[in-house]
Ligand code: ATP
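In the form predicted alone, a lone chain appears below as structure tokens.
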Amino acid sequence: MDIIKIYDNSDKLYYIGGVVRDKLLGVESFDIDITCIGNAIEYCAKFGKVIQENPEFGTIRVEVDGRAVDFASTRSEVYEKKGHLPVVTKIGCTLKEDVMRRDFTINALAMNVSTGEIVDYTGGLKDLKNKKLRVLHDGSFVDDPTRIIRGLKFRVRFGFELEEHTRHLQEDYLKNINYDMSYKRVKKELIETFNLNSQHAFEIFVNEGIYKLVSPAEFKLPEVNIENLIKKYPVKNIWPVYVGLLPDLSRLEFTKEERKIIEDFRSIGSVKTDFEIYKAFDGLAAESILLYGIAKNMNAAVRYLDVLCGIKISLSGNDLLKLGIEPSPKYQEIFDYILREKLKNPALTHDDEIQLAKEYFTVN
């Protein structure tokens, strides 16, 4: 049952949360979290090289067998400010107290590191078997609304459904959202969810009104299958292609790159001709072009991505200088003229472009 080799027979150490869930589901686990009954910083430093300590939360990161492992002290927490990070009230509590602060029963399972014994205080094993997502208490979403998005992620990753009472709690919360929440945490969950590139996730996100956690304005599901679109036109940043469609994104803090994707998409006006399409999309991130296609004009986006983006004029400013044309606003007119002609006939050579430039300059 070993997930990583830790030689300890004290019954103090337990794999907890996602790593146990994934082990029981037979899927790869991305993180290894181990809880120590008591003070992890004091007890777990002996297992390897200490990488990092966080006394406030009683956590320590240790290199074990060449792998970074996070050890957390058992702790209890309260949400003094709903929607924001909880406050630790006790470090070194019982294992049962520790698991009761978790989000869903399937993430509240613990497994003894030494014996492999499963400890289940919340009915997580039954919910895992029945593919149900169940919160641990009625105030769960009030305490931490990001659990709604996290639940969406688990539903899509594992094919689970919300348990009936949990579904009602979600519906009730989405009717009366407290927008004073940690949007840094909201964004993290959005990234993890939509980087899965799942149309099913987006349909649930919209149809169940989960999007209202971010954008209160009414939003309808686009007709385009975004998952298939991204499979055809792979992008560096998947999640903005989904979330960037929402009308109000003012609550989210974007990186410079993410902000440019959204702003570029929103700034593009109506385009009809190949020349207008090319001039509007040239130099933009593929994410912006896909967003434009989904929200405004898919034919134009596909036309650019399939055909027009591969067309480039080779004529340069130096070529125009050699023709005796002095630098002026005329240069842009010439470049645009050549581009129009090349969009009509992509087979034009460099010599053809020079000849066209001579003719245009002579006439104009």
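In case it trips you up, residue 1 is the first one in the sequence shown, and so on. Everything numeric here is computed off the predicted structure, so don't read it as measured data.
What comes next is about the form predicted in complex with this ligand, which is not displayed.
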- Query: Looking in the predicted complex, any heavy atom of D31 within 4.5 Å of this ligand?
  - Reply: yes
- Item | Partner contact for E192 in the predicted complex: this ligand, 4.5 angstroms, heavy atom | yes
- Just to confirm, E341 within 4.5 Å of this ligand in the predicted complex by heavy atoms? no
- Query: With the partner left out of view, is F219 within 4.5 angstroms of this ligand in the predicted complex by any non-hydrogen atom?
  - Reply: no
- Query: Is this ligand close enough to E163, H168 and G209 in the predicted complex that each of the three has a heavy atom within 4.5 Å of it?
  - Reply: no
- Single option in T122, S215, N107, S198 placed near this ligand in the predicted complex, where near means a heavy atom within 4.5 Å: N107
- Counting non-hydrogen atoms within 4.5 angstroms of this ligand in the predicted complex, say which of D103, D264, E258, E227 makes the cut. D103
- Query: When this ligand is placed as it is in the predicted complex, which of 289 to 297, 250 to 258, 236 to 244, 152 to 160 ends up with heavy atoms within 4.5 Å of it?
  - Reply: 152 to 160
- Item | Within 4.5 Å of this ligand in the predicted complex: residues from 125 to 139 (heavy atom criterion) | none
